[in-house]
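The data below hold one chain only, encoded as structure tokens and taken in the form predicted alone.
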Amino acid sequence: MIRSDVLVIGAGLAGLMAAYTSAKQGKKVTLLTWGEGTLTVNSGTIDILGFDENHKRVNNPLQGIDNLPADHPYKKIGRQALQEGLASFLELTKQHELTYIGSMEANQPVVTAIGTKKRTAYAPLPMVLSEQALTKKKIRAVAIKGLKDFYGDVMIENLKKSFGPDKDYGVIPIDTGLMGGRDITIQDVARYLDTPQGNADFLSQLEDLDQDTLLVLPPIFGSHGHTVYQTISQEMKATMVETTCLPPSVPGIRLRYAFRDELRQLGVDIVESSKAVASEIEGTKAVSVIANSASNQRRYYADRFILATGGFYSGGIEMRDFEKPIEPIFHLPISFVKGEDQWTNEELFGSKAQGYAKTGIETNDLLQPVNKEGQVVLDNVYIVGRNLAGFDFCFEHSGNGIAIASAYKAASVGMGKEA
């Protein structure tokens, strides 16, 4: 029999954070993963809250949370769990040479993959736009030969709108020598810069830049931690800033490596390529989860279960028939907006949240699933991340903040560390 204190289902940010928090408390933890997890498509920034219900920009995320409706996940998670969860996250990332800069009380600008600006609470060190960086008179976008989804001319046009027309703009081409009959990805370039030869080649093509230049690059400075960025920065006169990323996301991959290395050190049993498909229930408690792998089917028994399967976006919630969404593992009740006209908006990125995006599992303040009457359905199951009902992470810019905070709370409830 495979038995754990805690079984976490899902390997996105919420699942990894839940496994980490549980293991830090001395629990025997099993993490079921199916696929690579969503960090490969994650910006790596920690958005807590960027916009309110009326799509007004939020400058202070903590204050903004106070004004959210009572059924919003942040209200159930609570400020304490958010603060403690972020502190724990920052401790882990620091240990793995990932430096995050920011505050829960202020959003800061970062540059996107197309040269626009977005705001976030915590940014990885290479993405941080310091006050000094914003004063540079010359802005250069790096265009890497053969790199798909990152185009220097598009970047420059949008940088002019973001930084103003009174600066000197240009594109610098870089040849990594990686072309081999196919387009290369940002991950390819990051691995290239993991090597001493890649470092030397890169620097040799940028050695003429002066101190009054801001160099805008895709996130290419190594696939683990921020050591490569710090090493090259010391050799450069120009200031460098990484943008956010289109998939595969190197900032997200850096986070995934940090979490997985830490989980292995803590003794977490990471079961890869194992898809949870069903569960065994006795009364109001889950007893086990049944998972399929390429070769067999297994039951995983645990005292508590944390569901981090990502909602609609990752198959954690399915809808085979319209207006009949299901949660396929525990068959938990789903909360969703009814009515075809309420399901979507005409504008994908408009001033109103998408109805479908708020679909999820309703919980109490302990993040246990509840039915329409507010009664707990399963005592030992906890819901985290995008499985939670009542928020549109894309509209609000709140996804990673909710992932971290809900995972921390779900893993802490009843463990002598109530958040």
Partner chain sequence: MSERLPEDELTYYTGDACISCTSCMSNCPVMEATQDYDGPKLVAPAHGRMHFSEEDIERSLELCSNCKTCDRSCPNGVSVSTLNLLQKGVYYRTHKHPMRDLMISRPEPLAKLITGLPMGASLANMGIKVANSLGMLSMMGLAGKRTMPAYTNKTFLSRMKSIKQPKSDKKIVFYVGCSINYNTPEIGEAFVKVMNHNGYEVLVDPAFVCCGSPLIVTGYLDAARKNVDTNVDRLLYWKQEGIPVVSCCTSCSYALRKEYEELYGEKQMKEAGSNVYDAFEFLEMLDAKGQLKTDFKEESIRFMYHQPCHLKSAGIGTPAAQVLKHVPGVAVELADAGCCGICGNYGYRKERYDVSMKVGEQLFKRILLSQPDSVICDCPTCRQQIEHGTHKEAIHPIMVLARNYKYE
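Positions refer to the first chain, counted from 1. These figures come from a predicted structure and were not determined experimentally.
What comes next is about the form predicted together with the partner chain, which is not displayed.
**Student:** Where does the partner chain sit in the model of the complex: which of 87-95, 276-284, 298-306, 197-205, heavy atoms within 4.5 Å?
**Tutor:** The contacting stretch is 298-306.
**Student:** Exactly one of 364, 59, 40, 67 has a non-hydrogen atom within 4.5 Å of the partner chain in the model of the complex; which residue is it?
**Tutor:** In short, 40.
**Student:** Under a 4.5 angstroms heavy atom criterion, identify the one residue in 232, 271, 147, 332 near the partner chain in the model of the complex.
**Tutor:** If I apply the 4.5 Å criterion carefully, the residue I get is 271.
**Student:** Answer yes if any heavy atom of residue 190 is within 4.5 Å of a heavy atom of the partner chain in the model of the complex; otherwise answer no.
**Tutor:** Output for residue 190 is no: heavy atoms all beyond 4.5 Å of the partner chain.
**Student:** Contact with the partner chain in the model of the complex for residue 184, defined as at least one heavy atom pair within 4.5 Å: yes or no?
**Tutor:** Yes, contact at 4.5 Å.
**Student:** Should residue 34 be classed as touching the partner chain in the model of the complex when contacts are defined as heavy atoms within 4.5 Å?
**Tutor:** Answer yes; at least one heavy atom of residue 34 falls within 4.5 Å of the partner chain in the model of the complex.
**Student:** Classify residue 215 as contacting or not contacting the partner chain in the model of the complex by the rule of any non-hydrogen atom within 4.5 angstroms, answering yes or no.
**Tutor:** Flag for residue 215 set to no.
**Student:** Residues 247, 264 and 294 are flagged as a possible site; in the model of the complex, is every one of them within 4.5 Å of the partner chain by some non-hydrogen atom?
**Tutor:** Yes.
**Student:** Quick one: name the residues from 3-29 with any non-hydrogen atom within 4.5 angstroms of the partner chain in the model of the complex.
**Tutor:** Residue within 4.5 Å: 3 only.
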